[in-house]
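Taking the form predicted alone, here's one chain by itself in structure tokens.
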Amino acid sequence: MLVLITYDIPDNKRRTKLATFLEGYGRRVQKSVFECFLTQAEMQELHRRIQRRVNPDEDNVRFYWLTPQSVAKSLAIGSDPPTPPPNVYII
């Protein structure tokens, strides 16, 4: 399922660390927005890991679950619409 992760973090160091961390989970589509295709268990683990990286008194991170039907109806301007990663990589 597609999880849209958005954040507003005023501290540059924490924001950069979170962005770098999220690059391991999905595609950055805007400065503070990532699209991640995850299972529910993976999303819950990611949520726990991000909780340890942010300051809840200053930072705001949101996770939006998008159903496959919602993803199919997504539109984009200036970039490709969300697409799941391939099932197999050939190296």
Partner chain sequence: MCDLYVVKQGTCLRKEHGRFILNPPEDDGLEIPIREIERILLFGNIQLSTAVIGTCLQQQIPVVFLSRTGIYKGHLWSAELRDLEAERNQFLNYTDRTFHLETARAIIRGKLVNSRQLLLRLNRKRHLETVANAISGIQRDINASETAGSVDQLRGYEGITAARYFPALGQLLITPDFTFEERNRRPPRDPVNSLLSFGYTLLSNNVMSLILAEGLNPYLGNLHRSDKKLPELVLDLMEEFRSPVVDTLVVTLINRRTLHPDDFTWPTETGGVYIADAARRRFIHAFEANMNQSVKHPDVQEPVTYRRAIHYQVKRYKRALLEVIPYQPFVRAA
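Residue numbers count along the first chain shown, from 1. Because the structure is predicted, anything quoted here is derived from the model rather than measured.
Form predicted together with the partner chain: not shown, discussed below.
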Would you kindly say which of 61, 29, 66, 38 lies with a heavy atom within 4.5 Å of the partner chain in the predicted complex?
38
Does any heavy atom of residue 79 come within 4.5 Å of a heavy atom of the partner chain in the predicted complex?
no
In the predicted complex, residue 11 touching the partner chain (heavy atom, 4.5 Å):
no
Note that the partner chain is not shown here; using its position in the predicted complex, name the residues of 19-58 with a heavy atom within 4.5 Å of it, in sequence order.
20, 23, 24, 25, 26, 27, 37, 38, 42
